[in-house]
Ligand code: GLC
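One chain comes next, on its own, written out as structure tokens in the form predicted on its own.
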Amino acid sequence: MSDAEQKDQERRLAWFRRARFGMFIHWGLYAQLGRHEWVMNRERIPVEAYEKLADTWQPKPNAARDWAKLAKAAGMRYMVMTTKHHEGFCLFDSELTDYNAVKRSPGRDLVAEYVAAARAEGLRVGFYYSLLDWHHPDGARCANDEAARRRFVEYTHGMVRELCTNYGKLDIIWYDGGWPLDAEGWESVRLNAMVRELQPDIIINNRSRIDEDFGTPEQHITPEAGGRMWEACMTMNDSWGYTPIDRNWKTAWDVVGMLRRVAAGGGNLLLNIGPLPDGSVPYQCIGVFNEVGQWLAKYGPTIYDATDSMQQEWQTPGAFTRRGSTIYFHCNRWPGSELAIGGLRNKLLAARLFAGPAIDFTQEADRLVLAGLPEVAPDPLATVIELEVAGEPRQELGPGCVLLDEV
């Protein structure tokens, strides 16, 4: 990447690096079956049988308004919606196929409704688009038939062109489903050059088989190497699409913990909802998102702004985020009136509850003890303790003991 290209990439990524938290929405025909978004593939439902779902889907009007309001309340700053998943059904109007939400049921452009809803709440707009397509006759043939590949690639590029042309300014294109072609087969360089010509401020993920602007670890929180921007995409249960039999729901405590981890690694969290067939948000998500939003309303600076890296190791009560020489200990397992932190290699200058009173402390060798704390956690999701230290913050623990650095 040239210096000019790198500078432009940083310009386009600037808002994304500050966003920290977004909503992912997986919604399509599969919601009517309620058995995961891969149901067509996993149950080997024939195309002709599955396609009938396109004539029975009747979402309520403007369901996306509820999603956007919930995202805003949760402290999210952007949204990404599935415009077409692997099933091949387009939630937008297209001149390239009648298999879409305007020409079949529900008879209207669901992507347009989503865009309007996100913008009404001041949220950035992202489009998910699956390159993989189980419905298109060339979707599988393209791997072994050059004529089929050319047809399918032009179809794919044409759809992405429609998405980048018909909905105003977009912030993210989020590809998925790179099977069965490689970057050369998808002609990804040409595809993304077209996207940037149409949307010069857009950022593009790494799933068109080339790295582009940011990485997308899925169902795990793992920072990219070398300071490259990344976004962990995670589900609220174990499914992306609506799956009521999947009851393994995350709690607000879980989500706040994930937010701390992405912030500490300089990344973002894209947290998914799988709306019901009518577009309603699963009730298990609503309370959690509101709880998280209330927590962020108080502790937001320790997540949104505290993304400097810090050497740290695991400990039972919690872990850190950092901004410069200020470190924030997110204590999500409250120990009572006294909290010990081992291995901090910096002289502590001051300690206080975040946005609260000062805390008494003693520091000897590599053991820091915070005393006089409330017996009960001030915040059960995570109480944040703000620590001002001298020098570059770091924590070292291991099987032996170390001494406090000279500072």
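Just count from 1 along the sequence shown to find any residue number. Since this is a predicted model, take the numbers as computed values, not measurements.
The next section is about a form of this same protein that is not shown, the form predicted together with ligand GLC.
What stretch, of 165-173, 93-101, 281-289, 79-87, brings heavy atoms to within 4.5 Å of ligand GLC in the predicted bound form? Result of the contact check: 79-87.
According to a 4.5 angstroms non-hydrogen atom cut-off, is residue 152 in contact with ligand GLC in the predicted bound form? Heavy-atom contact with ligand GLC at 4.5 Å: absent for residue 152.
With the cut-off set at 4.5 Å between non-hydrogen atoms, does residue 136 touch ligand GLC in the predicted bound form? No - in the predicted bound form, heavy atoms of residue 136 and ligand GLC never come within 4.5 Å of each other.
Just to confirm, residue 240 within 4.5 Å of ligand GLC in the predicted bound form by heavy atoms? Residue 240 belongs to the contact set for ligand GLC.
Does residue 308 make contact with ligand GLC in the predicted bound form, using a 4.5 Å heavy atom cut-off? Looking in the predicted bound form, residue contacts with ligand GLC do not include residue 308, since no heavy atom lies within 4.5 Å.
In the predicted bound form, which of the listed residues (329, 114, 299, 128) lies with a heavy atom within 4.5 Å of ligand GLC? Contact residue from the list: 128.
Just to be sure I understand the contacts: of 256, 202, 273, 233, which is the one whose heavy atoms reach within 4.5 angstroms of ligand GLC in the predicted bound form? Of 256, 202, 273, 233, the residue with a heavy atom within 4.5 Å of ligand GLC in the predicted bound form is 233.
Output the sequence-ordered list of residues from 347-370 with at least one heavy atom within 4.5 Å of ligand GLC in the predicted bound form. Sequence-ordered list is empty.
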